[in-house]
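Okay, so here's just one chain, in structure tokens, the form predicted alone.
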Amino acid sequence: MDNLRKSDEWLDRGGPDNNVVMSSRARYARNLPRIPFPMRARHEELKEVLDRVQRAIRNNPRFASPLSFSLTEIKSVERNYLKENHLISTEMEKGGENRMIILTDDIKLAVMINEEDHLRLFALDTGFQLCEVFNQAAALESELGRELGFAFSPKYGYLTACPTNTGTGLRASVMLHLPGLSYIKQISEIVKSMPQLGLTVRGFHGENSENQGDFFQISNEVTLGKSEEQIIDLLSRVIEQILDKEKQARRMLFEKNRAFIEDELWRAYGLLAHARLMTSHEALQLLSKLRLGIDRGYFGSFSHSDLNKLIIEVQPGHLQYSGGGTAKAEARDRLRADVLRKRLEIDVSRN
């Protein structure tokens, strides 16, 4: 398996409440002192940051067998592949000099170098594991901080390129699948309430993306004036409340509208199993319905982890990479339909 495909492996893991929570993440923004932020830094300064961070990571036992990608050297389709795996940001996907991501072998910890800040280090896992990923990220931040020393102000906290990250520099997020609340029209109420709590809601692809397939990423918006523990505690309590509401909504749907919901789910299955052309938007909408059906034991032996991975596998970058990097939009739509039919045929054959 090539290194790029190995970066998919984190999607294979299960996790607590993974029928509702796709993933949990904790990310720190950090910078080295006396070096301009990447957008203002000269070539030699960016190179200095890259060299210093790489040395620190080589000295860290967590990265004994690292997986690394130079965003300067890999192709656009490969950068898009990593972005679709939720491993690099839209900013990093653009490429640029002296940019790199380094991941642990188990794809649980990563450091992006010379993105908006000198370092964006994060922990990632499947299911509702917010406290666990925070502890992992905090431990890594502490270890790298002792070796590198991060830019810090006694008044403002950790200094970052964007003022919204100043303070703790911690951004914690949880990706939720909320079809139940969408069906009963309670999503807009939840989204509207988040800013009042210092939280924000994004779509499936993170910042500046629209909602698709009833996937919602909820994260803290405020990093200044709150401790890391306060940020994690607030987000955890809010997610727990949404989890309970989503589970109640699903139970109510199947108790009161079972025939209607089952018809929706099996129609989605029929389209996915037989279509010859499928756009990425339509695939995400339909696979979202299958993911809901797994709760009821539908669709054979598919697990939530299987669906998580399939959702990513049929994204444009993954299909283009599989097609040698040359597949145009219509060719991708055809290839996507082929992949979905084959995967669903395998599932049927297991039963």
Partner chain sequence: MLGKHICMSCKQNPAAVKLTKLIKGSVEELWLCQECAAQQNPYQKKIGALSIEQVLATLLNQNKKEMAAKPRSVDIECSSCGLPFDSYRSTLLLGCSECYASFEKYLIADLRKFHGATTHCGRVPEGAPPVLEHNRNPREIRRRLREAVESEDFQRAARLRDELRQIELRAEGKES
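Not measured: the values here are computed from a predicted model. Numbering follows the first chain given and starts at 1.
Missing here is the form predicted together with its partner chain; even so, the following discussion is about that form.
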The single option of 264, 106, 132, 221 touching its partner chain in the predicted complex, heavy atom within 4.5 Å
221
Assert contact residue (its partner chain, in the predicted complex, non-hydrogen atom within 4.5 Å, options 213, 167, 180, 127) equals 167
Only one of 241 to 249, 106 to 114, 270 to 278, 194 to 202 has heavy atoms within 4.5 Å of its partner chain in the predicted complex; I'd like to know which.
194 to 202
Would you classify residue 64 as touching its partner chain in the predicted complex, given a 4.5 Å non-hydrogen atom cut-off?
no
Even though the partner isn't displayed, in the predicted complex is residue 157 close enough to its partner chain, meaning a heavy atom within 4.5 Å?
yes
Report yes if any heavy atom of residue 300 sits within 4.5 Å of a heavy atom of its partner chain in the predicted complex; otherwise report no.
no
Could you confirm whether residue 94 comes within 4.5 Å of its partner chain in the predicted complex, counting heavy atoms only?
no
Since the partner is left out here, which residues of 132 to 146 would have a heavy atom within 4.5 Å of its partner chain in the predicted complex?
134, 138, 142, 146
